[in-house]
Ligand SMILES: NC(=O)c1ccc[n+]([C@@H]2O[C@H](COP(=O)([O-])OP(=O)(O)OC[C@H]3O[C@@H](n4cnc5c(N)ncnc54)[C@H](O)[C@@H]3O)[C@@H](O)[C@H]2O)c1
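For reference, the chain that follows is the form predicted on its own, supplied as structure tokens.
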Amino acid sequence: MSRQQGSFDLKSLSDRVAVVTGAGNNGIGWGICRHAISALGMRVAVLDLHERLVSDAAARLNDEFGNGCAIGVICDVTRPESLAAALDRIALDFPESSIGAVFANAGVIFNHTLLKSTAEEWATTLSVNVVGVVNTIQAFVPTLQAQKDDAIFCTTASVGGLVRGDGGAASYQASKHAVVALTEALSFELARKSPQVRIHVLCPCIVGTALGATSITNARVARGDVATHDIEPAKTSELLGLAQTPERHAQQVFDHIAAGNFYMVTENKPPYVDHEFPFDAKGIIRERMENMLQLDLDNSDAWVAGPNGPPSSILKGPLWQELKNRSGD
């Protein structure tokens, strides 16, 4: 078995650099940054779209964990030249440290059905969520290949990239299916020639982030409706205590990395949450696989009102039933 797919000693990441895109807004990337510094002794490069976000994030990390552990870098993952400049900046600011991990985490979501989504939303979603990941791969993987030490390259997809298409967030799910496929392709491409580059695809279930709100804000900035200096770090949603916090989710991410798991499905389960109401990712993934093997598609859920409101083929497990109970519906 190649090193790419085996277990990994997280201690080898100490004093190395973690590069995390989409890390400035208190979401999944932010949690990864905090864990990389606090638990693994890494340095981090916080990459995000706006100066205020990356400056604030780096300042908070340096204040909490010690000056010099973090830098903030403005980066637009849809522009290859922006990622190339980020790589140059990282080498300049951390000249004595190799890159130990890269998390292609930047993403957007627009929660609209297929018939109600706009061409602009589709273009933005595919540009950031898919082309942005490809750009990050092409910018950073050659550097990891040139290093002798083992390193991590991880893309952020979603459990939505492993389950069937649902009635909402069609563009998001389509993009995340693409991320899973392109990460599988990268793993195959590097398996023989660069086994020291360990490839993972992160498929989170429910994490307390503000991705929907930040996606709308970024779209407004792009249209000129909001000035970048008015943007503040987003407040995250805990989904009535059922979502994983970004910090505890990050622990699960690195536990998967240590175990050598390629598909890192970060389920809502103890010890990463303080309850016993999982998303039921495996069950819903299994439903899709069985439909595919039977050459059929079971749409029976379309007739059943779900605990989260409108009918859904994926938001129906124990977590969503408990959310309904806690919300008093």
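None of these values were measured; they are calculated from a predicted model. One rule holds for the numbers: they count along the sequence shown, beginning at 1.
Same protein, other form: the form predicted together with this ligand, not shown, and the subject of what follows.
Pick from 162 to 170, 112 to 120, 71 to 79, 138 to 146: which stretch has non-hydrogen atoms within 4.5 Å of this ligand in the model of the complex?
Single hit among the candidates: 71 to 79.
Are any of the heavy atoms in Cys33 no more than 4.5 Å from a heavy atom of this ligand in the model of the complex?
Contact with this ligand, no.
With a cut-off of 4.5 Å between heavy atoms, is Thr183 one of the residues that contacts this ligand in the model of the complex?
Although this ligand is absent here, Thr183 would stay clear of it in the model of the complex, with no heavy atoms inside 4.5 Å.
According to a 4.5 angstroms non-hydrogen atom cut-off, is Ala45 in contact with this ligand in the model of the complex?
No.
With the cut-off set at 4.5 Å between non-hydrogen atoms, does Pro278 touch this ligand in the model of the complex?
No, Pro278 sits far enough from this ligand in the model of the complex that none of its heavy atoms falls within 4.5 Å.
Looking at Leu242, Val108, Ala86, Val197 here, can you tell me which has any non-hydrogen atom within 4.5 angstroms of this ligand in the model of the complex?
Comparing distances to this ligand in the model of the complex, the residue within 4.5 Å is Val108.
Counting non-hydrogen atoms within 4.5 angstroms of this ligand in the model of the complex, say which of Ala101, Ile90, Ile257, Val128 makes the cut.
That would be Val128.
Between this ligand and Ile28, Leu53 and Thr214, in the model of the complex, does every residue show a non-hydrogen atom at 4.5 Å or closer?
Checked in the model of the complex: all three residues contact this ligand.
Heavy atoms within 4.5 Å of this ligand in the model of the complex is the criterion; list the residues of 148 to 176 that meet it.
Residues within 4.5 Å: Thr156, Ala157, Ser158, Tyr172, Lys176.
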